[in-house]
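To begin, one chain is listed below as structure tokens, in the form predicted on its own.
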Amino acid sequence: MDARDSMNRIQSTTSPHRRFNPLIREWVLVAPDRTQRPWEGQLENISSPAQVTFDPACYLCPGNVRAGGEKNPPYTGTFVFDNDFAALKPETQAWEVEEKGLLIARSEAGRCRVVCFSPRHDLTIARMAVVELRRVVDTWCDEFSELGSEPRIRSVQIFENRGAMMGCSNPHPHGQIWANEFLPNELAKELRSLGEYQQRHASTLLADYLELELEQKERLVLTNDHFVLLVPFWAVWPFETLLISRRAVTAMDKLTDEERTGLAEILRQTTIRYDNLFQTSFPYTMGFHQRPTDGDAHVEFHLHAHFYPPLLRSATVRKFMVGYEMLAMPQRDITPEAAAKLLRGVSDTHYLDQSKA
């Protein structure tokens, strides 16, 4: 059996099998036949998008007072400020504790920033215009460069939690940036894998992986001239997607003007498809992985973003990792190929705008 026949067999099978994630070198168990079981999961009320453009009680709306006592300016585009309840602080003094190699703790300095995407309280990324999202991308690029230039910062994590079930306490369109003194676990695991792959192959792992996906097309969801959205072969979450830059840039600060616009466009189309799939404001955690900001070039790194949505098969059914998944290894029911097909099949016009078309 040649490699192509083997791949087709893997992709079409309904029998349990494991898939390897080369980024973090972990396995995920795929069991497609479990979609037939009668269990419905925990039912949730998924809130509709906010309907007011300005909420006087919202601490992120322009002109309102935040929980920490600071008053927001009357901003008209993006607005960035230091988190009033930051988990990381720049003034943290260095210290270390180690006892017999068993009780180990170290200080961690850093910065936590909040990025308001728009002054309008009722918007989401899916409901923003490309020109508005381009301003968000530009802000992310500026923040990455500024925070990454600070001497103690080694990692800049840009992310968004969307929806109450993902821990987002305010529906106003916003994201966060956490800048760490040391590399967080997931970035450190990816960096090791990317570095060793670069040494063996003289190319980036994600560039070679993207070439395979573009050839096979089964897990592709969206493409434009500069970015590709796909359901990764090793996906864990039911509708997890991976956004990869076509050009192997190491971070946002290396993007051209056209690539920044391409990123804004594909982010909008990605979130529209998520909303359209379940006809609701779809909850997710999204974050970019970029090169460490330690002064090295890190040519092994390749800019990408992860979307992790918790919903399983409807707008009200969500799935937690429990039991075997917590104690042994992740397990998924819907295959990456099936998830990609569903995402590809929905309209590229937001469901709230389809009646206007």
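What you see is a predicted model, and the numbers here were worked out from it, not measured in a lab. Position 1 is the first residue in the sequence shown; the rest follow in order.
Although not depicted, the form predicted together with 5,6-dihydrouridine-5'-monophosphate is the subject of the following passage.
S.K.: Should residue 78 be counted as a contact of 5,6-dihydrouridine-5'-monophosphate in the predicted bound form, where contact means heavy atoms within 4.5 Å?
M.R.: No, residue 78 sits far enough from 5,6-dihydrouridine-5'-monophosphate in the predicted bound form that none of its heavy atoms falls within 4.5 Å.
S.K.: Is residue 127 close enough to 5,6-dihydrouridine-5'-monophosphate in the predicted bound form to count, meaning some heavy atom within 4.5 Å?
M.R.: Looking in the predicted bound form, residue contacts with 5,6-dihydrouridine-5'-monophosphate do not include residue 127, since no heavy atom lies within 4.5 Å.
S.K.: Taking 5,6-dihydrouridine-5'-monophosphate as it sits in the predicted bound form, is residue 169 in contact with it (heavy atom to heavy atom, 4.5 Å or less)?
M.R.: Yes, residue 169 sits close enough to 5,6-dihydrouridine-5'-monophosphate in the predicted bound form that at least one of its heavy atoms falls within 4.5 Å.
S.K.: Taking 4.5 angstroms as the cut-off for heavy atoms, does residue 114 touch 5,6-dihydrouridine-5'-monophosphate in the predicted bound form?
M.R.: Looking in the predicted bound form, residue contacts with 5,6-dihydrouridine-5'-monophosphate include residue 114, since a heavy atom lies within 4.5 Å.
S.K.: Has each of 66, 161 and 174 got a heavy atom lying within 4.5 angstroms of 5,6-dihydrouridine-5'-monophosphate in the predicted bound form?
M.R.: Answer is yes for this spot.
S.K.: Heavy atoms within 4.5 Å of 5,6-dihydrouridine-5'-monophosphate in the predicted bound form: which stretch in 235-243, 84-92, 99-107, 116-124 meets that?
M.R.: Of the options, only 84-92 has residues within 4.5 Å of the partner.
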